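Read the single chain below, which is given as structure tokens and is the form predicted alone.
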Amino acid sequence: MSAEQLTALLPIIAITATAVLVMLLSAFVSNHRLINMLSLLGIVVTFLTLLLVVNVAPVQVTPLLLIDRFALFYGGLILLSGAVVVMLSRDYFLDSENTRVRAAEYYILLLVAILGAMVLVSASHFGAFFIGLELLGVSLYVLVAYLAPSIGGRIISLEAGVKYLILSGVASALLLFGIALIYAEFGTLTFTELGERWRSAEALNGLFAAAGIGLTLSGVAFKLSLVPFHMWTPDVYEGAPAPATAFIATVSKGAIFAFLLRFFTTTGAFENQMIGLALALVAIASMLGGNLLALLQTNVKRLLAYSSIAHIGYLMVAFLAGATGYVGLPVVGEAVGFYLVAYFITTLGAFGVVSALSNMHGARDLDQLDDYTGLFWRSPWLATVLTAMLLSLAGIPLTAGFIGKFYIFTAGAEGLLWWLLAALILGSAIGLYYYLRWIVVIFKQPQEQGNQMPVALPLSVNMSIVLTLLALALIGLGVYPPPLIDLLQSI
């Protein structure tokens, strides 16, 4: 291995070393704050190594990994999001002596999941893709059920963990079988070689190729919770600890979508009309189904779960625009990248407020819509941050979500995807209703309700910092987006 290849692997080596150090420390020390600080420090150091790798990228590290600016951008986004989740977890999981669970293992799982996500966005071979996917998935199985009754937590967490384990296991089996069929047809698992052979019309018409592509896309659609593979999403979001739910909604889905973007742009697979049509139908169903189902929810975590299904459907509009031939792939990458950044910020901010209002002493997270009645009169800052995040999810101007949705709409219009755009507009209108419904509840006078809202928890310095940074990023990118746009254009 050359010096350049070793340098390119520094971020993966650093996050792996952090997970090992946290594991060793937790075997001897049960201090939650110390383990939390070490995890955060390791993520920060890993992020700084990205600055060293920029000077040598792009580097092909064996046929498995391609460390280029694409991988570095999404790796940086994953690390920053992971750092936010670690900071949210600090107050959610109190010191071990004050809670009924140990939180040390939680951080080990979180770091391993971040490692899997970084491998995913760097994968240039199906072997690396599957390794990264399983590193991410196996960690998430336990994170979802971390508050299970056997360790003093909630029955709903165990149920969610078992559902996710079984259904995700089936999806992984479909993926693996699909990858095997693709290999049987093309004789390679490397994306660049697949791209060269994929463009053969005869190869695409092969039975193994068609079945392999279908099974692989079904597995990926499950991981992204696209309709009709979305049934696990609300139960898992509701049962998982609030910070873990934020991680699943952002890092997990973002890493898989980044892989999907790299795979399809490298191989040119979505140039096939049948694949494009199937993905378009899934996108329309996700945009409409996700928003319509969110209308029925009174649990905010389930509401955000269905909302996330719709937002991944929005992303598919820009993704499919690249298949039309009217929109260049750099424009597609720019639109997807900006929307993912905006989605990460808003989702982390929304779940950050849920985490701040929840604690380990209760039987559940503060996740019912009625729990937020009059939040503005109890905690004005939390109410303001949550309102800003919801307005961004709705795509209101002066927020990052508006710029992201404008990018998606522009890409779809240039690609002449009128049916997809019609679904996007209709879905956004539906989404605006349930986001505003939540905001109305936040600003309602508590005296208007017979029940009294629980008193908001005192906001710690740590939580104040992370929510303030997210709010500033949200408004900053909505008012002045050129720095992020320039960065995306350099990928």
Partner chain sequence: MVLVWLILILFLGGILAWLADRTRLADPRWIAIATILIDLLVLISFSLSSSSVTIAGQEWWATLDLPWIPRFGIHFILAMDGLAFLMLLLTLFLGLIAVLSSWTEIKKSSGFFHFNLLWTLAGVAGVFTALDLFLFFFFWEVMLIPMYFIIAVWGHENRTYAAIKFFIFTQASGLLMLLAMVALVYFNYQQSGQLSFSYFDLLGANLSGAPVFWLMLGFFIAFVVKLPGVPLHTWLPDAHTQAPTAGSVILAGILLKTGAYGLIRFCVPLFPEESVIFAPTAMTLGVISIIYGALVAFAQTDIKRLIAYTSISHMGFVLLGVYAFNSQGYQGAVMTMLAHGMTSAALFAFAGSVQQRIHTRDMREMGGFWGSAPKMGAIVMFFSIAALGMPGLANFIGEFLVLLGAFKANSWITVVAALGLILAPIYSLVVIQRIFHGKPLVPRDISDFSSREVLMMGMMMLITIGLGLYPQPVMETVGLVLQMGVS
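Just so you know, these numbers come straight off a predicted model, no measurement behind them. Positions refer to the first chain, counted from 1.
Another form, the form predicted in complex with the partner chain, is not on view; read the next lines as being about it.
For the candidate spot formed by 192, 306 and 341, no residue has a non-hydrogen atom within 4.5 angstroms of the partner chain in the predicted complex. Proximity to the partner chain in the predicted complex, defined as a heavy atom within 4.5 Å, holds among 232, 73, 402, 186 only for 402. Here is the short version: of 264, 376, 130, 198, the single residue with a heavy atom within 4.5 Å of the partner chain in the predicted complex is 376.
Residue contact with the partner chain in the predicted complex: residue 425 places a heavy atom within 4.5 Å of it. The partner chain is not shown here, and in the predicted complex it never comes within 4.5 Å of any heavy atom of residue 55. Although the partner is absent here, residue 181 sits far enough away that none of its heavy atoms falls within 4.5 Å of the partner chain in the predicted complex. At the 4.5 Å threshold, heavy atoms of residue 44 stay clear of the partner chain in the predicted complex, well away from it.
Stretch 405-413 is the answer when you ask which of 215-223, 241-249, 157-165, 405-413 has residues with heavy atoms within 4.5 Å of the partner chain in the predicted complex.
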